[in-house]
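Next up: a single chain in structure tokens, the form predicted alone.
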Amino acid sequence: MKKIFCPLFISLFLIAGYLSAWGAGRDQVITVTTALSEAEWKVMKEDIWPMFQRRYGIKVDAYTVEAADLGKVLKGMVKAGRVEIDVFCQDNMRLAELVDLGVVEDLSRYRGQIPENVLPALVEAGVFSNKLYFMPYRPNVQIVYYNPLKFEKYKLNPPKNWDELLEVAKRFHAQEGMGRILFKASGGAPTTAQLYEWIASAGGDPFSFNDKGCVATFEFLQELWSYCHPDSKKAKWDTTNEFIAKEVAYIGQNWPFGVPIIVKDWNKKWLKTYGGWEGPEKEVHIIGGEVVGIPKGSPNKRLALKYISFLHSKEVQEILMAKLAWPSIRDDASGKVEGWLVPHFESVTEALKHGIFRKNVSYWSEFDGLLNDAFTRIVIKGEKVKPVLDEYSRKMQETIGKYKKD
């Protein structure tokens, strides 16, 4: 038996050694899920992920999972015991759902790897029940884009409050026979984000649906709607850029990523931006964006943590700022911003001074649907404000009650 076993053992040992050496020479791979625009994918594929691979020998295999679908995807993987995602990027308004589902790793013990220059408020946004489940990745805030040529033509100033916004909307409509203001009325998350911000600036609680601030917001929007551009029904985070660049709309809110697209891709160097306008009670801007997390059962947790640290680096943050106009999570990342982009970053800084985080709840999807339904009935179809909001307030309270029972 020895004469048979020993040569066989040696052969298997040599084969195993050969395979190990062969594998060691190959790049390791981590799987990342995210949701990006075409311009953002381009920068990640051409600048960020190749740099990570060169530096650490770790290749990034990335694919899209929309924010609304991530919970279901992770739940299915964790339940089956086959987690195939190492790092996920997720919208910061849909975090409670993932925590409640029990599908994310508690990263509290790794909090120390977050650089001191990362803004503390962004770190706290990932904490639930005193545990750190998510780490900062990409803060975001909407700013106002406008066409100064059109404002100068009609001797108008960019609006600083709702009254001035309505007056500007009326003036454009009177001069050109159609609305030139954009409101993101395409439905879904873009509409919800804008409504949430406006309701908060009117002193309301969006989840109440029918408090004083909610009523004031919907009444104002019902009046403003007559003077909005018809393409507001198609306006969301990407189409807003197109409508501003094509000069079919002259003013509207959008996330900062659109600035280089309009200025460089569309060659509209006239574009101007500012932080935003006040509501009846205060100026408020929603801090949006994404965080990163690691699913429970990730097959490459160590590599995932290395990737997250890479994203936090000053070098990476400055590339994302310079090429995509993303606000940075760090207070020391600014050196690579080109001169033409500086005024737009000042707009972002101005907006962030009035930033608030949205309430993180497990019933966000239901809230999103109800708020959009109310918007359609009141603003687009013109139904009476208070009765509709009272109806949806009852529906929202019923939904909250169901979650509390569960």
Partner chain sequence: MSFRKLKKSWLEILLITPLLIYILGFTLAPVIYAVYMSFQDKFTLHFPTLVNYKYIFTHFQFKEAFFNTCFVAGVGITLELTIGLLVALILYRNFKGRGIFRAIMLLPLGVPTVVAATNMRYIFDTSGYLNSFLLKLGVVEHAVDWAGGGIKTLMTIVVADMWKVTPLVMLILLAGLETIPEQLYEAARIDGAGAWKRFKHITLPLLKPAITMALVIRGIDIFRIFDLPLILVGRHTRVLSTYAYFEYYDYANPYTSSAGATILMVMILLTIIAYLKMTGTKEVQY
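Nothing here was measured: the structure is a model prediction, and the numbers come from that model. Residue numbers count along the first chain shown, from 1.
The next section is about a form of this same protein that is not shown, the form predicted together with the partner chain.
If you check the partner chain in the predicted complex, you find a heavy atom from every one of K72, G187 and D373 within 4.5 Å. Exactly one of the stretches 134-142, 225-233, 205-213, 154-162 approaches the partner chain in the predicted complex with heavy atoms within 4.5 Å, and it is 225-233. Mapping the unseen interface onto this chain, R358 falls outside it, with no heavy atom inside 4.5 Å of the partner chain in the predicted complex. For K381, a non-hydrogen atom is located within 4.5 Å of the partner chain in the predicted complex, even though that partner is not displayed. Within this chain, E176 lines the site of the partner chain in the predicted complex, having a heavy atom no more than 4.5 Å away. The closest non-hydrogen atom of H354 lies beyond 4.5 Å of the partner chain in the predicted complex. Screening E366, E350, D47, D61 for any heavy atom within 4.5 Å of the partner chain in the predicted complex leaves a single hit, E366. Heavy atoms closer than or equal to 4.5 Å to the partner chain in the predicted complex belong, across 43-70, to the residues E66, A68, D69, ordered by sequence position.
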